[in-house]
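Same chain, two forms, each on its own as structure tokens: structure 1, then structure 2.
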Structure 1
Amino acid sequence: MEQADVTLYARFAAHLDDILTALEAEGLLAPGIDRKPVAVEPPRDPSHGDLATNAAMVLAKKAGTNPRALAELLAPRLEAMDDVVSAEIAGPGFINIRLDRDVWRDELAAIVAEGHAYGRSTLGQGQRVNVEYVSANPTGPMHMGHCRGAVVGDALASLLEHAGYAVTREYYVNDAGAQVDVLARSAYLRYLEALGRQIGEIPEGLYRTVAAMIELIKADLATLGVHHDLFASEREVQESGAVDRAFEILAEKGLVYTGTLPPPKGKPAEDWEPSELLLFRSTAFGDDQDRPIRKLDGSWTYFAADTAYHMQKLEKSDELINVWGADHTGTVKRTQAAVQALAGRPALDVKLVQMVRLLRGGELVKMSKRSGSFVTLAEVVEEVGKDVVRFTMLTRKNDAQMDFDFAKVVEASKDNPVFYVQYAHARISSLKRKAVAEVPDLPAEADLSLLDEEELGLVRLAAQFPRIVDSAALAHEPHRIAFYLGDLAAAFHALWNRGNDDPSRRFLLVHNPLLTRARLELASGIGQILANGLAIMGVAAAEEM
């Protein structure tokens, strides 16, 4: 088992690993068995214990035994560990572990002491990752069609940095295509108009307004809190000779040949004439057909230029991640094939982002880029705020459909995850201010032994944050942070609300400074986790609401 950090779960995973090594040394377990599938994690049902491991289930077959028998070897040794109260075998061989309460008190103290550093890890070990996102054609201001990819890419980059990767945020400027030519002609006509020339109606197919280009795009993205490290130019890639170099490399590997492709699907055979083209053997890497890299006129295809661009990224990165719109689905396999051919290994993950439907009170807001009536990203941010936009974009998995209703995203209710999470942090901030002002003789240090079992249950949930960060980083799924924060906020609100029926269970007890101080420490720890998670998402932790 490879563990990157000394978190609570990693510590116990390391102890389990030591036990497995000891069993090997004693001849009770076959040596050399791959332990990577072994996990130490929270049980699905909290009533079953604090930790659970699948070690016996995943190792037994290769060890030549059955899971229950292996579990019976592991459980007594786990139970003998410091801080372990019991280790019970469940079902066919899972082991549920109960820990001493001091473990959770110590973890709460660690959360408060480590502050913003809690949850950061060395999982990535400095591995260089290039995250490319947005990359819209520079033909106008950012609109809501670009927003979700911008947030997903930016949050993913922050998540990877939090997990110890060296991240480059990149924007690929598509400045060599037909749309940019249309932009140039549109700008020229407007230039003539500014000089007093009568230009009449803008011809069909040309943009009606002058695009603001990259500087306006940067400004629009800045309103969303998105900033890139690098803007790469498609035109510069083509002019640099990188395309020739890329396909010289692929030709040397025997992956380029002259051939004929089958007719396009759905096109009558009589309407198609076979032509010999220069092709890349992308089928060797899982694509459904080989891909042309030169057009009939001898110019490079877009795929060829895109391959060269990815080659350049590989020269400075160990791993590539592209955040693309769902309309790029058809180009994923060929691009991954090219990257694998160049890198000698799979090195590109593509996260496809579904479009967002804009609603206002349940009614669809229509957008039209050509007519100039689309809703810009800046307009949405101005209306509801950067934090609301960013959090909302992460409340669904990137490839799931999403509705963005202007009314619902600012609704002050528990059904609105943006509000519910920020309200939890604001509640905690308010509590801390009130405690200092209203509770006399508040101790400097907290006696955490005063916390009850329900309160320690909240600590157990908070302690999952580091493993949530690592698992989200490995899966390239920043929405997992939003989901977790929603669960944590809901659990905190539930604990807070118990004081509505029983005043003795409130966080702030004017006549009991000792218990108030202990519960204040608990609230501070939860507030710290909320703030750390929101920071990954690029969302401010509200101090008051």
Structure 2
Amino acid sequence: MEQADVTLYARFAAHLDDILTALEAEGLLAPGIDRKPVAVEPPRDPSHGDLATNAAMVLAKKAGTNPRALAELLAPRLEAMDDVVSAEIAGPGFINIRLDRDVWRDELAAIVAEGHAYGRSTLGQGQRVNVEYVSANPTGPMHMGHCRGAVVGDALASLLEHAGYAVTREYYVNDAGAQVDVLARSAYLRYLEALGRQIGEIPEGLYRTVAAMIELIKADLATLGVHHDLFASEREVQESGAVDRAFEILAEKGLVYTGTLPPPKGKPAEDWEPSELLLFRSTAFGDDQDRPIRKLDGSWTYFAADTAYHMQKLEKSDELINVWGADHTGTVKRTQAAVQALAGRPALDVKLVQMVRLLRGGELVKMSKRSGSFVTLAEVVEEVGKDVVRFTMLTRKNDAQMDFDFAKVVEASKDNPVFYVQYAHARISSLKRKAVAEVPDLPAEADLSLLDEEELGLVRLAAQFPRIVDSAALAHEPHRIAFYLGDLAAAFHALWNRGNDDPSRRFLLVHNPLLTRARLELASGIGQILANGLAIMGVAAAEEM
């Protein structure tokens, strides 16, 4: 696996760490202070410089001094570093660092040299993460309700891979239980009829029906570019004896008992009767109620099988992530409780994706399962394209409600981030083609000293990409990539538009091959970041539009 070099920010953080160690050795700083909160970041306001650190503010209290005094100790040593032009104390104790311009020129060169590896990191250190997503019941083709989870899960998995985790993409097939059999059978037959196909011989039994449904689902997901490594079967989990094993473990920990649950709350329960059940003590981990393991008829509950399934995942992974629909809100705590009980630590994060409302020119598209008038995933992908669906699904936080308007998402305008980002990449691709074709004597090497302050500002934004990837991966929030790409595209377009008023600011200057070459390098670097970010999202980087 290719890995990017240590980022600019990490490099300076390491230098800063050395300085702190030296101060300790010299007796100027109390030893043993936790340095975790120390950060080296780009300042919000670019006029403050290239880098800023909060070290003085964060450490002052424990060092028994005030931020200002500590900053005055640090600043001269930071200023003595290579590449540092100045280190000034500002505000409550920030240290603002200005770097030699060559740092950014070198960073641009690094972006171009590392290519698609730029932005990859070793943050995950090969830790094994299991991402479970989609996991729709195999009762019919994918509809739009499943779409967002599919994209969020897939992009999250890809994001974690870029950040150095070993990722497994998994789909949990709910193929156990009599009801699923009935549902699957009827839904499958109806689907075949709807397609006008000959039904022929009726599929025999649960297994074949479910298998056929899964093939349909895989095909639907493939149109979105979504592929799983593993399809785990609930039926197999139950038949393998994993459920017994899981609850033997939990019983040994004293977390299983026989008891009676209180009546359900919220709505009046006419048919409710108290009964003795085998229960899991999920309240020990923050759930509001203990959860049944066996039904009255002695069979396992869904929760019991799910617990065993998570145990299986834990055997192969260090961390688990489930991407679920918001209608599963109520089951999050019990599942996390089971995982914590089995793993000995909270190892499950659940991302709940909110509903997507389908609109067409502002009008709500009505969907009703009963009338069979739901909009399928395949239909939407066919109408607007895979890239538009994927990008749009990542323009909101997963837990925020979203509108998907067929008219707006295909609009070719600045309001549409999908278009705006792809257009930036296409524009750069077009520029590269034209430069080669139209500018004579284009040098092979770019002289980046020709880039001015404004152009280097764009590099500075591009150089934040590795940080964005890491922070998005840590937060399990792939949408951050989409927002960042929107910002980068906007900055690039703005610079490009300078050429409208001032032709000397254009990227392509037929009579100035040297400057054209330098600006071409800048554009290539931006294009590379856009491509790398889009790759995480699973969206094609358009060469032309």
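Here, rigid core means the biggest group of C-alpha atoms that superpose within 1.5 Å across both forms. Everything numeric here is computed off the predicted structure, so don't read it as measured data. One-based numbering along structure 1's sequence throughout.
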Checklist entry - So which is it, 1 or 2, that shows the form predicted together with the RNA? => result 2
Checklist entry - Once everything's superposed on the core, is L277 shifted 2 Å or more at the Cα between structure 1 and structure 2? => result yes
Next on the checklist: Quick check on S413: with the core superposed, does its CA move 2 angstroms or more between structure 1 and structure 2?
Outcome noted: no
Checklist entry - Using the core for the fit, does the CA position of S449 change by 2 Å or more between structure 1 and structure 2? => result no
Next on the checklist: I need the CA movement of T260 between structure 1 and structure 2 once the rigid core is aligned, reported in Å.
Outcome noted: 2.9
